[in-house]
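A lone chain, given as structure tokens: the form predicted alone.
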């Protein structure tokens, strides 16, 4: 065995020793992963999990570590784009959980700006949930195909009240006459200079407009607005009716700003998903959610391999052209049934969450790494992405989950306590915390039908499967995600994976003992300065 130092990488601050083993997996002459190499690596990982499974053992994050390998990649140059469902991609493989102390519009907006996606929880009425989705979809618009229009005789006060009720942060509204013809536009300037809110829209609106034909592209829209010095460009059909809208600030941001990191749809709107139940609840919600341009829905139940989920999934796929994910599951047979029923994505994880007591109360569930591996092997045959939901404690658990076969990870605890999460603040012994509770907690089920339905329970004689508590305040989501993705990138660098698919292909595992687990953490030291990405779990 020879030992060599990669001098080029070392000079750039990334020290790599290359252990070259004759007959090893890497094609040293090309420095790339050949198909034969990939097959051997997959077979090796399959053998590891088969051996563990044959002993009747299932593993979770603390039980394993990824092994290092030959690497030609620098962490900051690694591509972490992935997929959440068949047709919805991710710039970063992180999804915020559909929990009422984790994801509402503010969280969904910020995580989509960072490249992930948020799932609006269903402890809301169908109307309230759709309004949350609308806030996300209208937050940033490249092209608005159905802009909000008001008739010319509506008062400014009524328009402002509607804007406040929906919590919209934009200020441009189109004004139409009784025949639905465009007659003007209200912008921020019009609102700012209007002191009498009883005035009608037609008395305040800007009448001198520039318009464009349907089908006008983003760059052409930018040119027209810039030349005309207008911040709104309505698209009008041959009958004078509104066919869409561009706004200058959003178009400029998309073309020239920081939106390259945003997770946006083809029309330049932030992506967002929503949780639904089964049967009537699902159809009522989906009807309203689709009208607000939701990107996908998740049939969100504690036991995804059930009659209600399978029947609802099949009907939704027949009625709507939208990606439908299903969960939660932890067995390969469950994955197969859901994939055959038409699922566009699977959510894997039964009971691993920090506030979940399902495994203790009901005695069921499979440790998460084994569950991810077994379900993803089946899902891969159908081309269905897998999301690993729950059980994560450190950023290093993310490459482990993806290495086991996941395409993304869903976070609850790790995002709860951020500035954007909806939990209330509390102080305890001089430390700032935010409230965090499980959707199966007593409080969540007592106050919300959505939680009870998720755990298949009625209103009386509740049997909780979750806890209520607090987590330390973590600060802005942007800073938290930076650490999580930084850990993922570094894990991929050690493995030698340049992108998510390579990590899913070449990752290899070793099982560790309790001594190995203890050795993994800081030890034999009194910590005098905490790191932003490490907190010892108790």
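Please read these numbers as outputs of a predicted model, since none were measured by experiment. Positions refer to the first chain, counted from 1.
Not pictured, yet referred to below: the form predicted in complex with a small molecule.
Within this chain, residue 357 lines the site of the small molecule in the predicted complex, having a heavy atom no more than 4.5 Å away. Taking non-hydrogen atoms only, residue 465 approaches the small molecule to within 4.5 angstroms in the predicted complex. Although the partner is absent here, residue 455 sits close enough that one of its heavy atoms falls within 4.5 Å of the small molecule in the predicted complex.
Taking non-hydrogen atoms only, residue 211 never approaches the small molecule to within 4.5 angstroms in the predicted complex. Among 234, 353, 405, 345, the residue placing a heavy atom within 4.5 Å of the small molecule in the predicted complex is 353. Out of the listed residues 115, 304, 385, 412, 412 is the one that sits within 4.5 Å of the small molecule in the predicted complex by at least one heavy atom. Comparing 332 to 340, 200 to 208, 124 to 132, 386 to 394 against the small molecule in the predicted complex, the single stretch with non-hydrogen atoms within 4.5 angstroms of it is 386 to 394.
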